[in-house]
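Taking the form predicted on its own, here's one chain by itself in structure tokens.
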């Protein structure tokens, strides 16, 4: 991949050669909006930079007039050259896997930068592309889980971990398989993360129900470790910036059909608007799959020195030797406000880099699915290293549940 410096050096060199010697070759065509820049924006930007009142971004890029106005008032060229926009931080040049993403190609990146920094020509409106038709988040919605009402986070705490028991996915004990999920908090000013847990046993279900019954408010207070010490399994998660998650065809995570589930919400009140939240989770389900999947978590040991621009936390997790051949389909990372980057890798049968995040934003936490699954095997060891900037901290930073603390977690979707 060409770096920002390479692009700038090439531009300067081209200008010097043209100035000193003239140019006998025709000038490159000037990019125009309609049909050209418009396509790039539609493919990579307007999902968030739209006219919708629910858009995630603060301005629209949905029309020519919108794009010109944004080019005049916001640093679009800087953002795309430094790849802070689109906000997809996994290195995607093939050196550490290739991801299905909104990663701008070098050609599209240069076209967009040239247009933004140039005359911002409109071109022929007759070449205008129709607005993109929003795709449904999931191919099918087979179940919708609801936390059961409006919950207002406890104003006496800065971080409120709350668990909500939700309905089972069926009436029989036969397994169901989660093949996709779309998590929808209703109040993004307080929703820090959401995790859907399955309960590992009838005892775990009884324990969660007893905790729920003992707490007079909606749901019950829980901790970052999960809804019950009796056993719960991470199914799917959501953090700011996440979109719907679809597992690869033929794979899914098993759930006991008639056992209740638990939604754990982490509410942070630092920017709360004082209003309640009612999170819902849509699920795409299958009765059978060819390959059973699971989310495998790898935790880094967070014990960071203060006043350090690149403090690191690392950890490993070894797969049981009896698991045989497996496949990794994608990775997600989780840190808080100090994160600046991370790497995930596997050592053993076929060592590989699994993801390398060169930047980080708490507000844009993604799951990064691979174009091709990565083979692993029982006995292999996953490793994660998270990078943090503690320059503004006067005391060491340690693992903690609060948004002012830190975490280092990698989640890998693994199947048979």
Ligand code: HEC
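Between two forms, the rigid core is defined as the largest C-alpha subset superposing within 1.5 Å. Bear in mind the structure is a predicted one, so any value in this text is a computation, not a measurement. Numbering follows the first chain given and starts at 1.
Below, we turn to the form predicted in complex with ligand HEC, even though it does not appear here.
- Among 88, 329, 177, 234, the residue placing a heavy atom within 4.5 Å of ligand HEC in the predicted complex is 88.
- This chain lacks the partner; the member of 311, 104, 191, 183 within 4.5 angstroms of ligand HEC in the predicted complex by a non-hydrogen atom is 104.
- Contact annotation: residue 68 falls outside 4.5 Å of ligand HEC in the predicted complex, judged by heavy atom distances.
- The closest heavy atom approach of residue 74 to ligand HEC in the predicted complex falls within 4.5 Å.
- Ligand HEC is not shown here, but in the predicted complex it comes within 4.5 Å of a heavy atom of residue 364.
- Taking non-hydrogen atoms only, residue 373 never approaches ligand HEC to within 4.5 angstroms in the predicted complex.
- Stretch 79-87 is the answer when you ask which of 311-319, 79-87, 263-271, 117-125 has residues with heavy atoms within 4.5 Å of ligand HEC in the predicted complex.
- Residue 192: CA moves 2 Å or more between the shown form and the other one after rigid-core fitting.
- Between residue 271 and residue 302, the Cα distance is greater in the predicted complex than in this structure, by no less than 3 angstroms.
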